[in-house]
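The chain that follows stands alone, in the form predicted alone, written as structure tokens.
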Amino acid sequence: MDQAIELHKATPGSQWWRSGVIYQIYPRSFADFDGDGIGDLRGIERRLETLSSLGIDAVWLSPFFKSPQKDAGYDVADYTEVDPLFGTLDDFDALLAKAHSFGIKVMIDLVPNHTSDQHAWFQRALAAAPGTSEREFYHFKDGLGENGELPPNNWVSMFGGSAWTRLVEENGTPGQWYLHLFDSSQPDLNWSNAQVQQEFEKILTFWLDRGVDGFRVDQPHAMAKALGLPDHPYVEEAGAGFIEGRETPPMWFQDEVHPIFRRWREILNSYEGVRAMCGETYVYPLSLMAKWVRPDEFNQTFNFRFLDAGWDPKKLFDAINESFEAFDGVGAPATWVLNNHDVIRHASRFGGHYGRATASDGVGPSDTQPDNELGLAIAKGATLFMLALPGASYLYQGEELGLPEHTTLENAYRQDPTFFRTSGTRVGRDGARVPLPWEPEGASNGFSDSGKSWLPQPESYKALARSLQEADENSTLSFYKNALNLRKQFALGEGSFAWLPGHTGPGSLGYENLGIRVIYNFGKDPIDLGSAKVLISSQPLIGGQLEINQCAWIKP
């Protein structure tokens, strides 16, 4: 085989956020301690040892703050209080201490683009008159039309419908409109207001003082809006989103956000230890996304180009090349992710055709159902291919069990606001948020001792319970453990990257990292690995042959 050409140099001894494996915990679905059917902080604490044995480096906790739960906690009513559904601040402190005792870092979610409409800031704004400082915390505008009956602009919500809701005053007359890029219960904050910026700096220090290791920041690219809130120039084509290569819509990617993040980075850097921020920056092209991870802004950002590649060899090849060029250009790590709480689980997604991962809205009973056996085979190969890439990797709870999406969830159980705002035409993301199975007993398979569960599990989850997989050396869980152990043993997160000649598509993709070669077979013909030592493979190999949808790490 010809000499591989290095595209990314190794970063030995790099900080945890550059090379670690970070595990997303969706608190309401991880483990329920108090028996109410909703996961909580004490449930997480009780199960942390299982994550230590898995071999991850950090956890990211989705929101557990005080909230009316209209959007599963992404509608925050108080950023410094734990919602009683999840426990107390004392419970959080205990969880943090337990995680640190296992050497696990803890990142928490920060939701700065919007609050709940129940937040004290918004309630004060509602009680105040137009033009007051209280209303300047948000985007309140007079409507258009003869009597203000039309929204202030043509923006639409990410969850469907208009991005504007009109107030009704106490006397019953219509009032101003307020902006919400998501649900109407999630009004957008006005980040051009210095008071808003000061309040969030206090929130950052509150949690850093408690000892958190960092933040995952929700929708940071939406925080700043263009002056005057002009119309979206091509809303008919893009809806709430954008089209890569076209002009920047007025609600996305505004340059005014960058000084805010620089100030946040200064705050994080002022604390002992290594604190980090990851941005959920859905920004294309990656050369633009790289602006969010310059040395004085975010430490890392999610690589949605990789997540959106759909496990197509050409798209993956291009995404990886673009990633190293963009992120190495600003000294930032690439991050790699295949799952999160907003997308169809990859064990099902790869068993069907559901478009871009980040544009999906789940799979319902009336949709074409995935081939979960095929999906899991591809998913295991995809995971193995991803975990050897240098940089940070993110895992989503339950993927280590090979959990499929719940694709037959009845409408009566749905809670995603997308489902309701579109009258059910988009089923939403509930299918990826179903509680985890821990033991194959009880109505909720060990998720809750009471058997209660805020969303029902599909029948297939019983056979995938963690306790069963712990005892099976051939299980998906054992596969993940082996892969994570080898990743750490060979320091692949800190490693280098070079494409292997002859494995750059369309039949296969292969690369080398610190002498370990990683090959995924996309073609119909088997690939002979010769006399190479196979360290791990996504499926058992027969006669040293790598079959279609299989991946292997080998040492020549």
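Quick caveat, the model's predicted, so the values are computed rather than measured. Residues carry their position along the shown sequence, with the first being 1.
What comes next is about the form predicted together with a small molecule, which is not displayed.
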query	finding
Position in contact with the small molecule when the complex is considered in the predicted complex, options Asp218, Glu322, Glu399, Asp91, heavy atoms within 4.5 Å	Asp218
Sole residue of Asp117, Asp71, Asp430, Asp361 within 4.5 Å of the small molecule in the predicted complex, by heavy atom	Asp71
Non-hydrogen atom contact Thr335 with the small molecule in the predicted complex at 4.5 angstroms	no
Exercise: Asp308 in contact with the small molecule in the predicted complex, heavy atom 4.5 Å	no
Residue contact check: Gln300 to the small molecule in the predicted complex, 4.5 Å heavy atom	no
Close approach of Gln186 to the small molecule in the predicted complex, 4.5 Å, heavy atom	yes
Joint contact, Phe159, Phe182 and Asp342 to the small molecule in the predicted complex, by non-hydrogen atom at 4.5 Å	yes
Option from 419-427, 285-293, 71-79, 253-261 whose residues, in the predicted complex, bring a heavy atom within 4.5 Å of the small molecule	71-79
